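Quick setup: one chain, the form predicted on its own, written in structure tokens, and binding and motion questions come after.
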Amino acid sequence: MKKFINQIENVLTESLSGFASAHRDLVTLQLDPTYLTRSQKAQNKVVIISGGGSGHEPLHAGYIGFGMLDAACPGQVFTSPTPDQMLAAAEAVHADKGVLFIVKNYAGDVMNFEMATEMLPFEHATVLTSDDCAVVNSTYTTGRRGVAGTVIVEKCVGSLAETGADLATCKALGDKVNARTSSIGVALTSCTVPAAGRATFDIAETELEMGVGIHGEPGRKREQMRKADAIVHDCVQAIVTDFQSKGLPTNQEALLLINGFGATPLMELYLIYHSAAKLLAGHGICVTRSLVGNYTTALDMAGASITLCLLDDEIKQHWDSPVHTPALRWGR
């Protein structure tokens, strides 16, 4: 394993320290317990807190700032943060209108966030993201996994919270965005967790993993490598079928997010976008909003995910609204 590492046990602390220093105008890092907050605390609003295992950067710390998160709790690599991190973050940013946690549907995340909410002394609610249509159940989740669609939920709910909306209204929008979002990922290589020092799984040069999770966990099935258009076709078909199974009409506007897993060049991600947009048009889906890049990674995995969010006027309004974070910013 060749990595830019000093000591394995210090990787996360050193990385977070560098992140906080590089973006000191936007974020502040606290250690013991570890969490990050906005440098300037928001006032009189619902605060939005998320978190999860590290290794998915810029999720979640990269989305702290105006129009998105008030705080993020990073766990060790691919490991849930602990309840004391979540409690400390909530107490630090609470702004008198309640706390909304955005939690990806992984067993450890769900359990620890639930433990934290049981000890929280003020009003709170949770949005559970579950956009991954690749699997129904896995070792890591109870039901569908929360993956790159989490970014869309955080952006829209963060926007609504800035308007002074109450906790119930913010949660309702988060649940709606999640229900109207579907994702599927494809891995060409494994990822390497620093503490393990080797690839999480073995995959041949002639193979791909369809429906892979963001921790390297298996997907729908191992398949033969083929041309990009054929891979994208199968991903788009899975997403369209997912929406149809929910009874959602697909002949509407949509946001298309092409997300890299950490080791896929932008050249390839834009190629995927080009292919997916054409295929979606054939299903009557008009892509009017887009995002292409590394937004929910899996360390050094080569691969990508396709996420589609079916838009309505409310979602579109909050996606378009100003945002200013280390990893996402426009309109301000």
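Fair warning: this is a prediction, and the values are worked out from it, not measured in the lab. Position 1 is the first residue in the sequence shown; the rest follow in order.
Here the subject shifts to the form predicted together with a further copy of the same chain, a form of this protein not shown in this document.
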Check whether Val240 has any heavy atom within 4.5 Å of a heavy atom of a further copy of the same chain in the predicted complex, and answer yes or no. no
**OP:** Please run the contact check for Asp96 against a further copy of the same chain in the predicted complex: heavy atoms, 4.5 angstroms, yes or no?
**Re:** no
Check Glu118 for me: does it contact a further copy of the same chain in the predicted complex (non-hydrogen atoms, 4.5 angstroms)?
no
**Message:** Even though the partner isn't displayed, in the predicted complex is Trp319 close enough to a further copy of the same chain, meaning a heavy atom within 4.5 Å?
**Reply:** no
Picking from Glu91, Asp229, Glu114, Asp166, the single residue whose non-hydrogen atoms come within 4.5 angstroms of a further copy of the same chain in the predicted complex is Asp229
Within 4.5 Å of a further copy of the same chain in the predicted complex, heavy atom basis, the matching stretch of 201 to 209, 157 to 165, 122 to 130, 241 to 249 is 201 to 209
Near a further copy of the same chain in the predicted complex, with a heavy atom at 4.5 Å or closer, the residues from 20 to 56 are Ser21, Ala22, His23, Arg24, Ser54, Gly55
